[in-house]
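Only one chain comes next, encoded as structure tokens, the form predicted alone.
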């Protein structure tokens, strides 16, 4: 089992967000969780990513229950990805040693290579504070390249396609297909429609998970 969740509950202070969540995801399966904004989807994803620690219940990802170990097993792509005030290359590697071949393969898969080749400083181009010198679609593909380069067995997507349109959307969808191939995928969104295919779809409502 790639992801195992049993009786997971979580609250911010007195505000209960998740109630007795149970979820099993096999290796290589893709699931989608839909629900209105503020229902707890992003909180659940952060728990699965090891960014939050479970208050009640069990979270196990790739056999790991320690949040620090879980973080090594997952890659996360957010709707508004966080970029560091550094180069494109540094945003992909996050300071970890990587071969040029690994970085190039990630850029190719994330549909970044043609754009990077057009830049005077190439992959050493500075992205600005909070990625202010690149477009939203470019920032998202840099984040996807980062996830591809990490090559974690579990991929978590948080509203990864909701703010895109036109050619940018097609490029990001193609990049996401490269990222998720052969991986265990959990995607959350407030929209039921999507261009990606899933084994199962769930609805998060009132802090509880239901079959959609």
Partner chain sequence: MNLMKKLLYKRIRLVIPALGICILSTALTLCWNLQLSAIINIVNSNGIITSGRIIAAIITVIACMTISYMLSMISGWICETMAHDLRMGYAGHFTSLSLLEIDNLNSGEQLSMLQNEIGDIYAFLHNNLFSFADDAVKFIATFIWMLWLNPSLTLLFNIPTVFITLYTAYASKVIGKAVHRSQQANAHMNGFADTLIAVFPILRLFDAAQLIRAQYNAALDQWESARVIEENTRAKLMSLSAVLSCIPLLLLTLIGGTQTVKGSTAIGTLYVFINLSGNVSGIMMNMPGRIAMFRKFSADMMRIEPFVSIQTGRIRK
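Positions refer to the first chain, counted from 1. Computed from a predicted model, the values in this text were never measured in an experiment.
The form predicted together with its partner chain is left out here; the points below concern that form.
Quick one: does residue 106 come within 4.5 Å of its partner chain in the predicted bound form, counting heavy atoms only?
-> Heavy-atom contact with its partner chain at 4.5 Å: absent for residue 106.
Should residue 183 be counted as a contact of its partner chain in the predicted bound form, where contact means heavy atoms within 4.5 Å?
-> No.
Its partner chain contact in the predicted bound form: residue 41, any heavy atom under 4.5 Å = Output for residue 41 is no: heavy atoms all beyond 4.5 Å of its partner chain.
Exercise: residue 147 in contact with its partner chain in the predicted bound form, heavy atom 4.5 Å = Because a heavy atom of residue 147 falls inside 4.5 Å of its partner chain in the predicted bound form, the answer is yes.
In the predicted bound form, the one of 129, 114, 101, 121 near its partner chain [non-hydrogen atom within 4.5 angstroms] | Contact residue from the list: 129.
Can you pick the one in 155, 34, 49, 171 that has a heavy atom within 4.5 Å of its partner chain in the predicted bound form?
-> Only one listed residue qualifies here, and that residue is 49.
Verify the flagged residues 78, 90 and 94 against its partner chain in the predicted bound form: is each one within 4.5 Å by a non-hydrogen atom?
-> So, yes: the whole triplet contacts its partner chain.
Going by heavy atoms, what in 78-95 lies within 4.5 angstroms of its partner chain in the predicted bound form?
-> Contacting residues: 78, 82, 83, 84, 85, 86, 90, 94, 95.
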